[in-house]
Structures are given as C-alpha cells and as structure tokens.
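One chain follows as structure tokens, the form predicted on its own.
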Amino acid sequence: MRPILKWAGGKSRLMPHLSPLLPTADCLVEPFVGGASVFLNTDHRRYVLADINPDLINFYQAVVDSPESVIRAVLSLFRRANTSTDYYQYRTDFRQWRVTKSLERAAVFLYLNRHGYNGLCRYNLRGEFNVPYGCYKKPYFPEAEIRLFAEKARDTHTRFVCLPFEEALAFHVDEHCAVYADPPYYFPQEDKAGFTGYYITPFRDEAHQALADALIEVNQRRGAPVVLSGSDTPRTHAAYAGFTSHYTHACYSLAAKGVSRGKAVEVIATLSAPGASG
C-alpha cells in the first residue's frame, strides 16, 4: 500500500528488509509515524500512531473521520491552484491560521505536501511551515490512497496521538505491544551538526540518547520488543549501544545539503522481548 503523503525518509523501499525484523504483537506503536509506510504495510490487529507534529496527526485523523470530505476539499485545490503564486498564498494562509484541528487545514496540508519541494515537511522555530514550491507539472492526487488509509485505520481501530516520543512510549506501550521507532536521522556527510529536525526543533545527541533510554525502558519493564531505523554512523551506534544491529542499503529520496542521492547503509536495530531468542 502506498502512503498518502510524500515523505522524506519514508520507509516504503525499506519494507522488504524491515518486515522480517518486525515482531509479532497485538498492537504496533509508532512514536514517529511520519509517512505511515510501516502502518500501511504490516498486519497488526491494532495500532497507535504518534507524532509531535499536530498538522500531521490532524491530517490523518481527518482522513479517517471523513475521507470523502478530504478528497473533495483537496481535489478543488489541485484543480485550481497549481502555480507558485497559488502555492505561496496557501502557504501564507496555512501559517496564519491558528486553528490546528480542522478539515480545511488537513486539506491544505496535503496540497502543500504534494506541491512542495521533494516531500519535505519543515517548520521554522515559530512553527511556520516553510517548504519551498516544488515546480511539478502535475502533482499526483492520492485519492485511492486516502480511501485505503481510512479503511485500514478503521478496521484496526488505530489511535492517532499528538505527543512527543517520551509520552507516546510512556502512555501507550504495554506487554501486548511492539514498538517501531523511526527517529530523525544522523547523516554522516552533512555538516558537523549532522541532525535533522523534530518538528520545530533539532533532534540532537541528547534526544537520541533519551529515545534509546525510553525504548530500553519499555522493553525491559513492559516486555515490548523494539525495532528502530537509523543511519550507519558512529553517533547512531553510540546512542543505541546494546541494540542488535542489522544492516541494509536504502535509497534516500531526498538529498540534504551535502548529501547525494543514492544508496546509503542503513541500520535496523532491535531489542527482543525479555526471554525471547534473537
């Protein structure tokens, strides 16, 4: 199943390598849902999909609550607003709206995602969406994907929660759950900072360490097996020491500054449930 959103770092291409490592569990909890490729291409009975980005969670909830209304609202935008002038006007409107939970905001979020540059979802420190125009001749309208996403979320009683990863893990993981974490990555060829954003803030070394600690906590105290994706860098290995590492190559769809498109080594790190083998 294809995701609704274009998403830099999306996991569609990684799924053949990731799927065999995802544990069987009644419920899968994702503290960084992003483009939701893992949700769409796994078969758990229940899901908890979390993210710190309120626009992303509002969008997914609107799709599940009223997929046909979202389709009508977005289709109208796709038909009449396909220039850079239109894009920047809607981006300005989106920035100025104070309401974060609405069908209209969800529709514009998808419009900006499909017309903006290369699947980026980026905000400045004021929380303003600031992705430039993508210059696409005919952006793809994901009508079928919207309906399929809504159907699967309803069938699996999926919960969407807007929480930082610490709270998503603390409040929504129990002994019936497995966890898949896809945090912002380190990129070894980037500048010395080498971090990507976590909504409006950078995801630095201390955040990776806090995530590792939280994942170990739910693994050891609640018995939840854990799978995590990361880039193959010394910082990744240092932050997630104690995890079992598996390696594969992934194609990045986004070239960050100083990072060329193409294949890069990706780490899939795991923590088995206590008492389990592997």
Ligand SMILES: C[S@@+](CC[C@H](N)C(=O)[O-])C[C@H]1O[C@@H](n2cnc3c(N)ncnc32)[C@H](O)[C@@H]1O
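In case it trips you up, residue 1 is the first one in the sequence shown, and so on. Fair warning: this is a prediction, and the values are worked out from it, not measured in the lab.
Form predicted in complex with this ligand: not shown, discussed below.
- Put simply, of Leu163, Leu103, Ala81, Val131 only one has a heavy atom within 4.5 Å of this ligand in the predicted bound form, and it is Leu163.
- The single contact residue among Phe109, Phe203, Phe149, Tyr186, judged by any heavy atom lying within 4.5 Å of this ligand in the predicted bound form, is Phe203.
- Contact with this ligand, judged by heavy atoms within 4.5 Å in the predicted bound form, is confined among 177-185, 111-119, 87-95, 141-149 to 177-185.
- In the predicted bound form, this ligand lies within 4.5 Å of some heavy atom of Ala8.
- Residue contact check for Leu56: one or more of its heavy atoms lie within 4.5 Å of this ligand in the predicted bound form.
- Heavy atoms of Gly34 reach within 4.5 Å of this ligand in the predicted bound form, making it an interface residue.
- The closest non-hydrogen atom of Ile52 lies within 4.5 Å of this ligand in the predicted bound form.
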